[in-house]
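Presented below, as structure tokens, is a lone chain in the form predicted on its own.
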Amino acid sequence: MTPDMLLPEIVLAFNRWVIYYFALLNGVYVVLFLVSLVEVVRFVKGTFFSDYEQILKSDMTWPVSILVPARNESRTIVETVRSLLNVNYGQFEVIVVNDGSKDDTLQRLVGTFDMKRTDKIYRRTLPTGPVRAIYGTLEVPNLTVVDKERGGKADALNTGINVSRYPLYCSVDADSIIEENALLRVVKPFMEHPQEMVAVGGIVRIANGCEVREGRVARIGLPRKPLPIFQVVEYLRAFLSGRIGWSTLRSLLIISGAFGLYRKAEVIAAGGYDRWSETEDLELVLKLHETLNRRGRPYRIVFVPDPVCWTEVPSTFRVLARQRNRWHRGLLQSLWRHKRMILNPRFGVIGTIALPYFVLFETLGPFIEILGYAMLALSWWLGLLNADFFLLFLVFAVFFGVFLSVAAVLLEEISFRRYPGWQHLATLVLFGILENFGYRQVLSLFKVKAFWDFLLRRRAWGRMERQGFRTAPPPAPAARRI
């Protein structure tokens, strides 16, 4: 076969393969959405009758240590700590670990809460970098601030685990705010399955556009810039159509570092957080799956869609590119680290379904999408493009993309209704349509770049510029009665 004949054959074979790949991928998406839909309906019905007041007052409710790793978070750290100190929960402590900040993160904490240096003694169960000082305050006895040399987020979390006192710990990002009853809701699975439950993740929503007063989201709104709105839709789809489905199938691989609750003893037994990982939250969950499966210990790692954590997301493509590059590099690192689990029936659905999905679709998907556009242009140049078939395929591709995004938005509306106005719903539906024409392709390019950086072993956390939370105006004074 001559080269002139070989090239068209390769192009046609690739195009046929892409059709099968596309059908399989969207089939998985639809199954996950249907599983999530059933689970959300069941969850909402069960939550309606839940007595969280009983969990709050029960002596059997486990105390929780809230760990907040912070580096250069001066703009948001005080509001974050205030929101944590105001959670509606029985016994808890807040431990902020200042990881060598170059700004005034430490000074703002010390000054705001009138903290003094203490001689607190703790057991160094996990190896960490040097701790400079530990601060406490009599005014807020359940608040501790640890000042340490820079070692990265994983090292800061390991330090927080060492200093913590309680059997459960909750990791919360320093640019995040959790709702008042979030801990009560996320601890409920531990109360229902005290022997098996190891980790619980909660949903993360976007704080851009919301107004914050005294550590609480006082008014929910959408961001003013288009880029964060695209991320609102993306987060809804990832959490409501993705993680709920994986959790129901006992295949959850990711608990967001912004908000997750863990059994401390199991995390220590697994070796804690790894400093080498770019995504320490994903790596920890994979380590827990592997460790517990090897031990033959019955366990549960689940996702709960109701406990809400609000976090700030990038508002520029430059910052978004850094974030997604790190996320994807971290995924590739963890998949390579745990490659022995892939297609290994010893690890159940994790090894036979979840990990192969991430390899086939999350790792290869961006390359196939970008290469598909190149092959489309080449097909047209070679005269192989069937216009009718291409338009039909494009309609189906856009339809599935729009369906999944809009379905996630509507699932949010019929279940939790966090966004109060019809204008919010209409805007989210519109952006759920528009994200298929540019935003999704840009994310694929970010992932292709991340794969290249992974091969070159480039490591960079990337600076995340924060805008800070929008401060809500004080409530209007009550009208005087005459």
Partner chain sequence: MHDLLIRLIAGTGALLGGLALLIAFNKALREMREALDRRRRALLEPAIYEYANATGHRAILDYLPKPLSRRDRRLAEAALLDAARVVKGESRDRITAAFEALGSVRVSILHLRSQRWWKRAEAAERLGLMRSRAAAEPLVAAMNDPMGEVRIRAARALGIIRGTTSIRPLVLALTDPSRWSAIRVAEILIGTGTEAVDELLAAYDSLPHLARISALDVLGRIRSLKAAGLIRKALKDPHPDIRARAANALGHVGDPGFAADLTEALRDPEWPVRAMAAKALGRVGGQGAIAALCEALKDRQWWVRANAAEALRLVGPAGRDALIRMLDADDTYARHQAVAQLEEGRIIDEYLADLASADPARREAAIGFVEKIIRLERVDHLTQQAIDHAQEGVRLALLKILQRPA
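The structure presented is a predicted model; accordingly, all values stated were derived computationally and were not measured. Numbering follows the first chain given and starts at 1.
Form predicted together with the partner chain: not shown, discussed below.
Asks: Work out which of the listed stretches, 323-331, 191-199, 352-360, 309-317, brings a heavy atom within 4.5 angstroms of the partner chain in the predicted bound form.
Replies: The contacting stretch here is 191-199.
Asks: At the 4.5 Å heavy atom threshold, is residue 419 in contact with the partner chain in the predicted bound form?
Replies: Contact with the partner chain, yes.
Asks: Should residue 410 be classed as touching the partner chain in the predicted bound form when contacts are defined as heavy atoms within 4.5 Å?
Replies: Taking the distances in the predicted bound form, the answer for residue 410 is yes, it comes within 4.5 Å of the partner chain.
Asks: With the partner left out of view, is residue 425 within 4.5 angstroms of the partner chain in the predicted bound form by any non-hydrogen atom?
Replies: Flag for residue 425 set to yes.
Asks: Heavy atoms within 4.5 Å of the partner chain in the predicted bound form: does residue 275 have any?
Replies: No, residue 275 is distant from the partner.
Asks: Identify which of 393, 113, 235, 92 has a heavy atom within 4.5 Å of the partner chain in the predicted bound form; exactly one of them does.
Replies: Comparing distances to the partner chain in the predicted bound form, the residue within 4.5 Å is 393.
Asks: Scan 103-127 and note down the residues that get a heavy atom within 4.5 Å of the partner chain in the predicted bound form; none is a fine answer too.
Replies: Contacting residues: 115, 116, 117, 118, 119, 120, 121, 122, 123.
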